[in-house]
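Single chain ahead, written as structure tokens, the form predicted alone.
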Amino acid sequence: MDGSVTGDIRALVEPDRVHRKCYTDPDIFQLEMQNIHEKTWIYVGHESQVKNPGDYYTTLVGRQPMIMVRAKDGKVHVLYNRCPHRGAMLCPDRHGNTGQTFKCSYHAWRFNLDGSLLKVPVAEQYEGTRFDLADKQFHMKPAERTESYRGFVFASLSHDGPDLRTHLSGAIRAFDDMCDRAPEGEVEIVPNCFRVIQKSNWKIFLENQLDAVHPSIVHESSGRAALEVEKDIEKRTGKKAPLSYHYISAFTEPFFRWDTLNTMGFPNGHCTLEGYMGLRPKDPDTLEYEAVMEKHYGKARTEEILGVNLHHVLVYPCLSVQSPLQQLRAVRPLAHDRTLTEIWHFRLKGAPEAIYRRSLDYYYLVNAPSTMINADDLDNFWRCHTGLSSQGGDWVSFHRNAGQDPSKDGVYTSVTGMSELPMRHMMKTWADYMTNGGRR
């Protein structure tokens, strides 16, 4: 990136506001793909999506079509979804099993599951040419770097940069919290996900996730309806309503309650929200689960694990993770005004079925595309992007508590739960990536 463009990008991000072009300019979007989504670590999938040799799952890393596949030796590879012969995609489906090899549907070149070229038709006709079966340019190209942490697979399309653990910094807690809550220390993905195309820029979605002001405004009607049902159940039965109603009625909390929450900003743009929702009622299902946990971990370690109140983690720039509920939303930008989100759900290995069903309720009631909660958010994402595309003003305000959030050793802590710290923190990281060629 030349110096003039770098200066132009820097001018778009100020400490307490950002220019609308960050969201609406198609040329800036292409630079984002180049300098962020095709440079840093991006979530590809979970190892349990490809349990057996030949199992594959296709996805996007930035603009690049990729394949996650398990090889015969059990290793998981991430490969570009392209035949090096004439460029045809090798796997057009979202997932499946390719058997012992990849076979191109166009000219039948065959590749081993690690991407190495196995054979080509009429091989004798290549004799005397520059073609060489051992030449890497004729193999399926692997992602420049692939790493996994506790079963979660990431890829980077750059040879340079920190390793995955270093990149994740404080966001690594999302995966530790989710896996530690499993009696067997591992999670397993539920095979299918919800896929939603949002008519808005990808950053609008991420900024919404830790925005503690919007829930009791945007979701007030849904929350109040759930609260009325809760009260009715308790009045008629004398018992507390099922926890699933609280997932929605919690949106009626007044501002002062949201202000008691805590958000944090970690190196590389990651952010967390703590203190939102307790999930340890003293019902038989919870007590059974805690007994299973104590059998595996002991009482002290179980209390340590279940005492974590980490509601939401943003793994910049690609994930929104709700670890206590085993939910994960992957962000796949498609254009400056279109974003694909994949909403995944996980099982805690060794946990009672009732605990899985409890988190499944949240998956369906709050995160599914058919819910009023999600519909409210999608509508506001579209409204924001449409408004930002107008000439009604040039700047987006992130002034709430600007300059007040303390920092120590590169970690920021919000002075109030409703501080716009996460938005400022992510946009500062955005500017760093955009002006340093994808390096931080």
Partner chain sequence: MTEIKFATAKPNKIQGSATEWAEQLDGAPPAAAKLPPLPVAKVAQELQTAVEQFLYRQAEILDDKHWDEWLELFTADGHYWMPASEEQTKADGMPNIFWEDLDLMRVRIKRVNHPRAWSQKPPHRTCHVVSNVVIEKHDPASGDVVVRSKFHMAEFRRDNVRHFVGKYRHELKKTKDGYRIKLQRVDPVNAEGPYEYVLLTWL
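Because the structure is a prediction, the values reported are computed rather than measured. Positions refer to the first chain, counted from 1. Each form is matched to the other, and the largest set of C-alpha atoms that superpose within 1.5 Å is called the rigid core.
Just so you know, the form predicted in complex with its partner chain exists too; it's not on screen, but the next bit is about it.
Stretch 334-342 is the answer when you ask which of 300-308, 334-342, 155-163, 205-213 has residues with heavy atoms within 4.5 Å of its partner chain in the model of the complex. With a 4.5 Å cutoff on heavy atoms, E47 does not count as touching its partner chain in the model of the complex; it lies far away. Using a 4.5 angstroms limit between non-hydrogen atoms, W382 touches its partner chain in the model of the complex. Its partner chain is not shown here, but in the model of the complex it comes within 4.5 Å of a heavy atom of P369. R130 belongs to the set of residues with a heavy atom inside 4.5 Å of its partner chain in the model of the complex. Interface residue among E228, D259, D285, D176 relative to its partner chain in the model of the complex, by the heavy atom within 4.5 Å criterion: E228. A heavy atom within 4.5 Å of its partner chain in the model of the complex is found for exactly one of K119, K75, K240, R280: K119. Along 169-191, a single residue, V190, places a heavy atom within 4.5 Å of its partner chain in the model of the complex.
Remark: with the core as the superposition reference, the CA shift of H296 between this form and the one not shown stays below 2 Å. Once both forms are fitted on their core, a CA shift of 2 Å or more is seen for E230 between this form and the one not shown.
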